[in-house]
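One chain follows as structure tokens, the form predicted alone.
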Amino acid sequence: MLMWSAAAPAVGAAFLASTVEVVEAFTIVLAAAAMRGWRPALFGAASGLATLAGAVLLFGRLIDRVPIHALQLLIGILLLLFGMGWLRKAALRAGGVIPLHDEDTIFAKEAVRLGERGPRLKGSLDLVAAITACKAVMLEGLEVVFIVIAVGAGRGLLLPASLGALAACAVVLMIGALVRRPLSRVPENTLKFAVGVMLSAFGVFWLGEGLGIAWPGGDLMLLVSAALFLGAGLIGAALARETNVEIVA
């Protein structure tokens, strides 16, 4: 059986990251459906999901052929860069330096853009809506695929990480189907902050594993690394907030 200390961070990181990406993709798909029709929007979304599923199967087979230490080293570097990028932006948003991500604004802009593409043809599949939905699902979904593979590869955690991502998709889509409006109340920046912390912690852990470092406490070092990155992110947000106040004043 998998240790909870290893599986829980993988599931948590996949769930939180997938929630952020699915909310963003849902907003665009919803705009396409509202402006051009549900049938082409759902067709485009389904096409994007099918493409992503094929990518997962392909990469899953290729990963098995990569030496474990080389894989851990590569994934560690990518995760660290990816996670610190998320953490940096989340800290700047929390400090007021960068505006918060607004799903209502994105929905409105996407609706205007789709409305400018001309009238919808009755009795035919609207390619504008289908392509828009497909592109949104694929772009956001590729990040989910990368995160799931990155946090799960090399330690037998692909299944738990995948379950975390699927759970996030189910939750967001269920809520979205009920409200049928942009999920603007989701604390997206808080989620991105948490994801940045967790991905950065995984990055340091895998990087050390790839270099042959024997972490004291084993998988528990993930929690220590996460605590350190959380502290650094909170300090960065506080400094950004103070700097922003001084500039405004």
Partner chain sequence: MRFLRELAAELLGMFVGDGRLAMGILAIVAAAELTRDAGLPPYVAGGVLLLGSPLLLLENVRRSAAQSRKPLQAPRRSASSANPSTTMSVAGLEMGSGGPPGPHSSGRRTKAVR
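Computed from a predicted structure; not experimentally measured. Numbering follows the first chain given and starts at 1.
Below, we refer to the form predicted together with its partner chain, which is not included among the displayed structures.
- This chain is drawn without its partner chain; in the model of the complex, the residue among 106, 163, 92, 71 with a heavy atom within 4.5 Å of it is 92.
- Exactly one listed residue, out of 49, 56, 221, 42, brings a non-hydrogen atom to within 4.5 Å of its partner chain in the model of the complex: 221.
- The closest heavy atom approach of residue 15 to its partner chain in the model of the complex falls outside 4.5 Å.
- Within this chain, residue 211 lines the site of its partner chain in the model of the complex, having a heavy atom no more than 4.5 Å away.
- Though the partner is left out of this view, residue 204 does reach within 4.5 Å of its partner chain in the model of the complex, counting heavy atoms only.
- Shown alone here, residue 217 lies farther than 4.5 Å from its partner chain in the model of the complex, counting heavy atoms only.
- Residues from 72-100 that approach its partner chain in the model of the complex with a non-hydrogen atom closer than or equal to 4.5 Å are 77, 78, 80, 81, 82, 84, 85, 87, 88, 89, 91, 92, 93, 94, 95, 96, 97, 98, 99, 100, in the order they occur in the chain.
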